[in-house]
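Just one chain follows, in the form predicted on its own, and it is written as structure tokens.
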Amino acid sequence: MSVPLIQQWESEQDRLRQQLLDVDSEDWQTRPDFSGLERVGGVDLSFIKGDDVNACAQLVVLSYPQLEVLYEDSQMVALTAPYVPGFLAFRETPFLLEALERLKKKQPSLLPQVVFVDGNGLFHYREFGLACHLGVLSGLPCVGVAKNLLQVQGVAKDEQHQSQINALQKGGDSFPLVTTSGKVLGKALRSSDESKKPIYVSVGHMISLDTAVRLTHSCCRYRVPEPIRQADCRSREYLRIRFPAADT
């Protein structure tokens, strides 16, 4: 991995971070029942097993609060940027932006009012993960939701973290992910009464952390919020049909 490329990416993250908003920016975000919110998006990339280049880039748009699929876009893409921890956005964001652009051209009335991203936002090594990158470049509110804990800035998968997880009594309960410096970069959320394993929610863009957590919980039928779950299921199904010999 070339040092100049990493430096270029770090510089780009720094530049984009200046534009990031981590406060509520839309009227619906401040309302108890999110009235005014009608469309929630979800994005994901699924890879053919053993192939880290060819993937299905997926966008779905669901109705809110019904969480029924209104729109889906599955597209095979070839990733050109290398995988480097902390810089996942440079591999994936261009294809997710293209999906949003196609939607804007085809059915602009279905453009989501918020996008759930399968990955982290501010909870990231450099406080600018995939959800932040996509949010700033798309100009849409974004929420990062990760299924596994990124051990970053002193947040660790240790006994204390496990005891905090054990203390989550019911769906909607959460605790902050606090860095060594005392900064809160996200929250661990018990997404449903049935799911004891939390998900990790962080701000992407144009939304506050508390609103992001509340909205994520309201979109969960299972452990993972429905927009991301549908994007994941549909991209895997797309690969399964087109590449039946590959185990995805």
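A residue's number is simply how far along the shown sequence it sits, counting from 1. If you're wondering where the values come from, they're calculated on a predicted model, not measured in any experiment.
Beyond what is shown, the protein has a form predicted together with the DNA; the following relates to that form.
Not one of 172, 191 and 201 comes within 4.5 Å of the DNA in the model of the complex, counting any heavy atom.
Out of the listed residues 103, 149, 140, 168, 149 is the one that sits within 4.5 Å of the DNA in the model of the complex by at least one heavy atom. Distance criterion of 4.5 Å from any heavy atom to the DNA in the model of the complex singles out 88 from the list 88, 97, 110, 178. For the DNA in the model of the complex, the listed stretch (23-31, 214-222, 39-47, 179-187) containing residues with heavy atoms inside 4.5 Å is 39-47.
Proximity of residue 92 to the DNA in the model of the complex falls within the 4.5 Å heavy atom cutoff. Proximity of residue 129 to the DNA in the model of the complex falls within the 4.5 Å heavy atom cutoff.
Contact between residue 236 and the DNA in the model of the complex is found at the 4.5 Å heavy atom cutoff. In the model of the complex, the DNA sits beyond 4.5 Å of every heavy atom of residue 71. Contacts with the DNA in the model of the complex, taken as any heavy atom within 4.5 Å, map within 120-142 to 120, 124, 125, 129, 130.
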